[in-house]
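Only one chain is included here, represented as structure tokens and corresponding to the form predicted alone.
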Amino acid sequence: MTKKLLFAGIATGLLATAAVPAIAKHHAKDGAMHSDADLSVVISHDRRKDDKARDVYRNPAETLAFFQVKPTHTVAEYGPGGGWYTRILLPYLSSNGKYVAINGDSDSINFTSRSREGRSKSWPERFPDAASKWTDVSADKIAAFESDEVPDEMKGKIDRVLIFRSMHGMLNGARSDSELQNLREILADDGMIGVVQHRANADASYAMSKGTKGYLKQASVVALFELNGFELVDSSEINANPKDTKDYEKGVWTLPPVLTNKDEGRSKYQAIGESDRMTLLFKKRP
């Protein structure tokens, strides 16, 4: 079945929501008790002074609690981009856990010759230094790999893979199946994948929900994971935004933080805020 038929024909409807506590306590592997109060310290740190305006839309404490992220976990962040979540996850995990950055397989991405020529180092070589500057965590403690180049000794050892607003990019690049298969391979048997993704309306047209506008149907994302060996554990409305009309000619980037229309309608889109988002948790199917 082609991607177009899959995303055009999957049954619509939003999944049931789940209540999630904002604060939770976790037992570390050594028996000590860790509190998400530590996470609160990380979230409130001055290194995030330019990020904090997004917290009201991205709800990092509640989202990571829903994904059941513990400070002792090995956590892979897929497509960390400019590091908004990296500046939370890396300091939070640096003492008792491990942070791993994962980017897509570059062999499946069509770069222009100019962009290739401008890259003196590959992304896995560049990212640790950048993340170290963001967080003051030593670069030698930061692992970064393309999804198809994770070392064998790390495969099956990742407790959580977190994918923030990147599913549409996988689909637009026709690499969602291969990427999810790569991520499945590195995930521990009892590991889970947490997803936050711009959400199209359940009855949205194919044109508005195929990913080129940034939006996907929640049922379509669930079906895609199921096809690649996962099952849904839970869903949440933590990152929902009912103000988002999802009908913008230029897609989700019309809204903050991009505001692609610049001054045109700026106050209107700022009043809407960031996009309506699904928040989903998956586990590997045996």
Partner chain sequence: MKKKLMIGALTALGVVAMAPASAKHHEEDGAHKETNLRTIITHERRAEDKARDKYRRPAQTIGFFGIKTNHTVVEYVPGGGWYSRILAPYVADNGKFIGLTFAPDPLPFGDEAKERIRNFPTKFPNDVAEWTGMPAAKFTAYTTDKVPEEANGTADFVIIPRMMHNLMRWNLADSEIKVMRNMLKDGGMVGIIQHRAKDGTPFSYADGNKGYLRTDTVVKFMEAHGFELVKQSEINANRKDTADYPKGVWTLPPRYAEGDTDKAKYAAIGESDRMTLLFKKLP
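Since we're looking at a predicted model, the values are computed, not measured. Residue numbers count along the first chain shown, from 1.
The form predicted together with its partner chain exists for this protein as well; it is not shown, and the discussion that follows is about that form.
The chain is drawn here without its partner chain; in the predicted bound form, the stretch among 131-139, 173-181, 89-97, 193-201 whose residues come within 4.5 Å of it by any heavy atom is 173-181. Although the partner is absent here, Ala223 is a contact residue: one of its heavy atoms lies within 4.5 angstroms of its partner chain in the predicted bound form. Its partner chain in the predicted bound form is approached by Asn228, whose closest heavy atom lies within 4.5 angstroms of it.
In the predicted bound form, Ser122 stays away from its partner chain, with no heavy atom inside 4.5 Å. Taking its partner chain as positioned in the predicted bound form, the only residue of 270-285 that brings a heavy atom within 4.5 Å of it is Arg285.
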